[in-house]
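Both blocks below hold the same protein chain, though in two forms, and each is given as structure tokens: structure 1 and structure 2.
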Structure 1
Amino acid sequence: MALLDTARCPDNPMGFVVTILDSLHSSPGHVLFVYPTRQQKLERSGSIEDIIDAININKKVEPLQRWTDETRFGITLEHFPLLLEPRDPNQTDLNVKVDATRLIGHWFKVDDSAPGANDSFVISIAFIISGNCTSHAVEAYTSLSQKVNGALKSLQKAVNFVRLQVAVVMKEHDRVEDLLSREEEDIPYIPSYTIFDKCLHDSEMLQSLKNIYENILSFGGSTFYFDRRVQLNISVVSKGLLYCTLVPKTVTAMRELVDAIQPFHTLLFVDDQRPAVEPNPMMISFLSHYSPERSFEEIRLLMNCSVNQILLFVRNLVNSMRAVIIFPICLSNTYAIGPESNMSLKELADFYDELFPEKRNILRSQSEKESSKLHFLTEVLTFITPTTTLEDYFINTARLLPRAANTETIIFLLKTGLIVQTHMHFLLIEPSPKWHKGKDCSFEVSKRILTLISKCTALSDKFKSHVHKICSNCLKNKVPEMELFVALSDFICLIPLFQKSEYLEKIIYDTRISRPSLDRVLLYFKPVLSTFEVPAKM
């Protein structure tokens, strides 16, 4: 297998290949380009036979006649078009596995240049990854090649880009073929990389594809421009800015996050600095009103745009891994210490110290400085133990750790996953047997309260009797009838949300109920409501 003991992630691409096929199948397909242009070390162990061949130094290697006889990624160049040819006109994606190599890509048809010209062809672009990759990687590269395909199709339609680029590449191929077809016996063997290097030099399309590949390999994604016209925001896997643990790690997780975006969310930019000034007017307007304490709903009102517009804009930012979604930072949010991550606490402490250096410059030894950085961050985290509201955190740290008493520290802790926001969920539950002792409906409730309870369709008869008992008990404890009636009506309105065990913020957002009213409901109907606190999920 190619990737054993190399410590190389199986989800990293190994290269990409571009093939072309005459749409009438009148001639066999042709490999236009393979990148990397030269055979890499890893490719040599594509199959067990290749490993045996590599070891067997006494075996006579047959001299190669044509560059198409060369083997790349365990497959001869001659047979790549066969594997990448379209099999179903309705299915443009390609997913072929040959031993330990997987080819994932898309094909599209470039139509005739003029009616009756008969020069249409099919171009396939496939990324080569390990056969042992995860299903997330397959999905990610399928999505990537779909985007690349879409960009090329639009360019082809607009300015005949693909046909012109293929013509440039084919010129070099034809030149080599012409050379090889001569009858002279002393024509040297021309390796494929000679041809591919020249093609890469001449073709903008291949250069763009090469840049995409290099960026995916190094950073997991980026923004690209095809022919300086079409912008592509691509993210395959989150690699950049490793300290930002909130960025989804797979395409599936990214898609789930994008689908879950709501107007009551907000975002955090992954970069430490805000994006530089861009010509995008939407971005300029967004940045002028953005704050991590404001939800999208608030921002869009200030920007004077619709909900759909701002959500579309935000989805693009999230898809290109420039931002992550959070709940707006407000004083009533509760936070707890987050789980372990890949980055060590020491690295995060150093990073925090770099971002927010200590103002007092006391002369200390190196080890004391290191220890103090780590200790400071630990001290900050102890203020979040076990769970604390942001208000309490600011009050406590203002007194004892003023350096950490700011929103920037909270943003840093959130981004690095050192803290997570928690949500309090409410669940409708039968009262415990202990509660029933000494409770009855002896105290008469008013007619309107009785009517409210009996007319409620969301509750079973058994639950209605519990609610009746609760109301009777409240009145027995001198709760004003008017107050109880209002609380009961609010409770009945909230029952569907309690049955779904929704969290506090969602309940307030969906029903627009005020906090004091909700607190009253939670207080009076505590026996039938159970609460649990879990990390917030988008």
Structure 2
Amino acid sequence: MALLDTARCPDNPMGFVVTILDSLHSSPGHVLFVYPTRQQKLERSGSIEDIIDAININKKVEPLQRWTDETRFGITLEHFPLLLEPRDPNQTDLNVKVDATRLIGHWFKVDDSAPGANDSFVISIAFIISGNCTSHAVEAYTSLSQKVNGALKSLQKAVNFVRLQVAVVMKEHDRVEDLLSREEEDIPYIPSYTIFDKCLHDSEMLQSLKNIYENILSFGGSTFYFDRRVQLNISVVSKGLLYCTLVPKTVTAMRELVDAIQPFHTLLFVDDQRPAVEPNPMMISFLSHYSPERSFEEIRLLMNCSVNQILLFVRNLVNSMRAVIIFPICLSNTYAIGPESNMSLKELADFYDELFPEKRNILRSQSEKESSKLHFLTEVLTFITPTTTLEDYFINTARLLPRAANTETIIFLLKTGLIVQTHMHFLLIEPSPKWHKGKDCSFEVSKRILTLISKCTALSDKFKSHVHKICSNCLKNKVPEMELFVALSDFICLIPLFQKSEYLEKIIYDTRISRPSLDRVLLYFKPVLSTFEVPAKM
């Protein structure tokens, strides 16, 4: 029952690039800036490059002549301006795919109407994401680019912001070009990151773009101010976050959820792929041991860290809406149909089919495909109605609906709110009059059992008589005295939790009682325990 793991979510941005082009095309375009300024490990497109490297391992690599010959995200720096060059004056959006990389952005023209300006140019800003990203991600980053460029246009019109910032960046580029144009043989090679680092340090525009990128990468969006003048509310919400009903919708709800996190919980990542392994040792260790079937307590033992360390780490993930809290998935869990959602079943059926497409390639018309997707999800929910254990669900779907017989489907149903986990609660009650009929204390109980009952301060004298009668009837029905004594000891320890109507998972975690021991208590003392199920709450 392993989770699908594609290492890095294809919807996450890998970086961004800024290029400039003379609007009259009298000179070639120029790459102004690339972020991250240094090449990252994840820029490599995959095994093809590794194979080429292995073949050419002994081949002498020619030294680069200029910094524009460097390759970033599989593209030579000098080629970025060509790829982001406007081709249609009426189409300002950019969407260019090169091998395993996609550039999504926007361009706009800075004219020469500003005071002191005698030229016009086109500036392009594009986010770099994986070539196999979803269509939803393309729309989200296109919208983001339009907002960013809209803010820059406003600032350009108001205070000549873009032209001044470009002048700051070009000053460093011109300095490097002037240095390289000298006919001195001992001029050392100047890598691109030295230029980009200096540009980032000097340019407020590039600093703002960097902040936008890093917040999108970490949190999915935030509020920014360009030049302390233009407010920009940005958000790149993944489809997983869009459909995840477990994510709190208000600050108060988020705070309550974070405060409720316990070591017996676990988490689900909001996006359908687990996140990239970040240069954070805690994240690297956590991902190497994480499973939705393991509690934080189990994971922290494998990580060899304290409870406080892992809970602090998890709270940060939940606060940034990268993950949500659930109870560990196990075969004994009980699930029920969730409350009505504001998302249609058709939308969710389309999303499920996008995540887990049917392997068989059956020729159908478009209407038949839509009907089939909806019918499949509806059929999956019939295996949950009204309630069922996860074990029964897997047994039934494996026989009748194999495509749904996996943990990924259960996780999808949980995150989208189509099903909810139910918790078994226990409450101490008076035994029913019907049970009393034919029951007495005629069978003698041992002294140690009587001592346990009489010394229990949590029970009234009347309730002690009920427990005495239960023990007498258990012994009458051939229950071993030692087994009954142990069960009675556990029962007395659990009385405070039964009086508070606690649920099974919390009882097990707080008391460290084993599941077989708890089951034995529930069996022998069933007459004074009421059992009921309600939707689980954190």
Partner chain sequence: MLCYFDNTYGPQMRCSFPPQFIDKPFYDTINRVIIVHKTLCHKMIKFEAKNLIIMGNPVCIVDTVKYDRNQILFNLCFAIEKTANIKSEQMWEPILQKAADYLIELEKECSFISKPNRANDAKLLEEMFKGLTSPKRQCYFQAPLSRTVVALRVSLPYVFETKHLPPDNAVPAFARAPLPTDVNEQDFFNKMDMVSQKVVWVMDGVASIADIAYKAHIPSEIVGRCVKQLIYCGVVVLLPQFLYSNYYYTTEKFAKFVESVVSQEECCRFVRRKKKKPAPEPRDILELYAGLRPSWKLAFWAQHYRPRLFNVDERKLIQFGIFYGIVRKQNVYPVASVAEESELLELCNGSNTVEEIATEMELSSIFLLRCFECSPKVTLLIR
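Please read all numbers here as calculations on a predicted model, not as lab measurements. Throughout, rigid core stands for the largest set of C-alpha atoms superposing within 1.5 Å between the two forms. For numbering, take structure 1's sequence and count from 1.
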Report task. Determine, for this pair of isolated chain forms, which one is the form predicted in complex with the partner chain. Result -> 1
Query raised in the report: Can a Cα shift of no less than 2 Å be assigned to residue 457 between structures 1 and 2, given superposition on the rigid core?
Result: no
Query raised in the report: Does the distance between the two CA positions of residue 155 reach 2 Å or more between structures 1 and 2, the core being superposed?
Result: yes
Query raised in the report: Does residue 33 move its CA by 2 angstroms or more between structures 1 and 2 when the core is aligned?
Result: yes
Report summary line: Superposed on rigid core, residue 204 CA travels between structures 1 and 2 a distance in Å of 4.2
Query raised in the report: Core-aligned, what's the Cα displacement of residue 72 between structures 1 and 2 in Å?
Result: 44.7
